[in-house]
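Presented as structure tokens, the chain that follows is alone, the form predicted on its own.
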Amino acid sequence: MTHPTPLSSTPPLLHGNSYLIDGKLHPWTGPQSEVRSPLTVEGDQGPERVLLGSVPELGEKEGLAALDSAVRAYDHGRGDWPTAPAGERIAALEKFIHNMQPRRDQVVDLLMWEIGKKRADSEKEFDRTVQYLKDTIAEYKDLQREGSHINVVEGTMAQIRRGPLGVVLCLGPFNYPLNETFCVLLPAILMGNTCVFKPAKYGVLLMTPLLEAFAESFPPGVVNIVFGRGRTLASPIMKSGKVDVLALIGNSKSSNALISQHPKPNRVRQVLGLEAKNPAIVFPDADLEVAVKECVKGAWSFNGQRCTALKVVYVHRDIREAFLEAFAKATDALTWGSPLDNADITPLPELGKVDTMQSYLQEAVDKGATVVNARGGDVEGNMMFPAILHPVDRDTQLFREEQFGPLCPVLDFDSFEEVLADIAQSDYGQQVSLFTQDAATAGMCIDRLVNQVCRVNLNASCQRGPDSLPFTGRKDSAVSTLSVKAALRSFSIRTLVACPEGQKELVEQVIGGGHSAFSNMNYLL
């Protein structure tokens, strides 16, 4: 840190000593994993990471117990939760939202201390998550309203609703440990699935204040929360063959490894948000001020640790010098320091991440790149100032891989076809940002890119929001679509009841007599 945080300002230690299985908080007296902050203080031996607390280091036994709890609660679709009326599920999620909101300040503080996310973004993450859950309830009501109708097609009467898939294993990410996790976990639960959730290695402590909210809001076994290593917990769970859905926000290597351990991988629905290598393409006629502003935001927000970050910039040779000069100046104007002070660039939470970034940088330099901005690559402790590198050889890790950190490779281009060839050959296909003021150029690029990526941004950086829009990717970037509307569909399957029109009287009796939770025409308000 530029200015080490005084010891007097460190948060009180929070030792999580329980986990959630079958609706109960179970005390844990076994091994604990220390949770340390990327923020450092001066200790006897120099700068050291602040100790924030600890979480349980559960074993395979506890992981399988959590799985068994979810399996019992689902009971092959016969359990109380998958067969519960829509209103009952909505009430449970509303209770959870009510119970989590008093924990806002504590969760926001832990986001800053645990993963180095600045205060404004930490507050936004919590508030955005709450709003997402409220919007999910509204969308779920719409789904139920759609399902309340009886369709008649070619002499067949049918009522179509969306039903749950089964038991979900949910693994969240460290960069958005609250928002990205809850945006898959809670829609899965609302659709009638039961879940086992293991938080990521970083951003784990902030889940402990929310355990009671889960326990008090949902019936036993609906959501089970365990802490520990993925190999110890997730692998045995997948090998059991009892998981119906893998919901993972992370990288493709992890998802492939887990899926391969399931005895029947073809039966596992995958809902995955994975890595990306989103490019920006800056044309000669671009509004330079807009392009630089959006590239700074896109490349450096949360130190570039976002799947939606701009991870490579293509700039037309005609404006290369002007763009690089402005991009470097705007980047060097960023502040670095403590997230508590709302600094733009903050410490990197992952151990060894600075070394990894320096390795990427050095290889690029060895193959002809230059660090464009004056402050680029400066290091203080576990903090690295963003570095713009140009020109970057295509035969470098920085070009080929998702760097997920404060480095941005820049390449020249003369023809859009050069850029399109790179995008087509890339393993990733999430988004792209186009910077041009020419309608013909924009239209041509749109048509060439929409089959390569899943979102084309015009004169704006790549991003997830608004949450009502589809969020997905091609190739190694995603499986399934996540948004308020799509997430509910990703964790469910259409199911219908059908009969000949001649059975109209029976259908009327079933519905009119309230004999079925599925076959009803109740209209949720």
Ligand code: G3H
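Start at 1 with the first residue shown and count on from there. Computed from a predicted model, the values in this text were never measured in an experiment.
This next part talks about the form predicted together with the named molecule, which is not shown.
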In the model of the complex, the one of Thr472, Ser33, Gln463, Thr40 near the named molecule [non-hydrogen atom within 4.5 angstroms]
Gln463
Selected contact from Thr129, Asn373, Ser433, Asn175, since only one has a non-hydrogen atom within 4.5 angstroms of the named molecule in the model of the complex
Asn175
Using heavy atoms and a 4.5 Å limit, would one call Glu180 a contact residue for the named molecule in the model of the complex?
yes
Would you please decide whether Thr232 lies within 4.5 angstroms of the named molecule in the model of the complex, comparing each non-hydrogen atom pair?
no
Examine Lys198 and determine whether its closest non-hydrogen atom to the named molecule in the model of the complex is within 4.5 angstroms.
no
Taking heavy atoms and a 4.5 Å cut-off, does Lys277 contact the named molecule in the model of the complex?
no
So which of 488 to 496, 24 to 32, 464 to 472, 45 to 53 is the stretch with heavy atoms within 4.5 Å of the named molecule in the model of the complex?
464 to 472
What residues, if any, in 285 to 311 have a non-hydrogen atom within 4.5 angstroms of the named molecule in the model of the complex?
Arg306, Cys307, Thr308
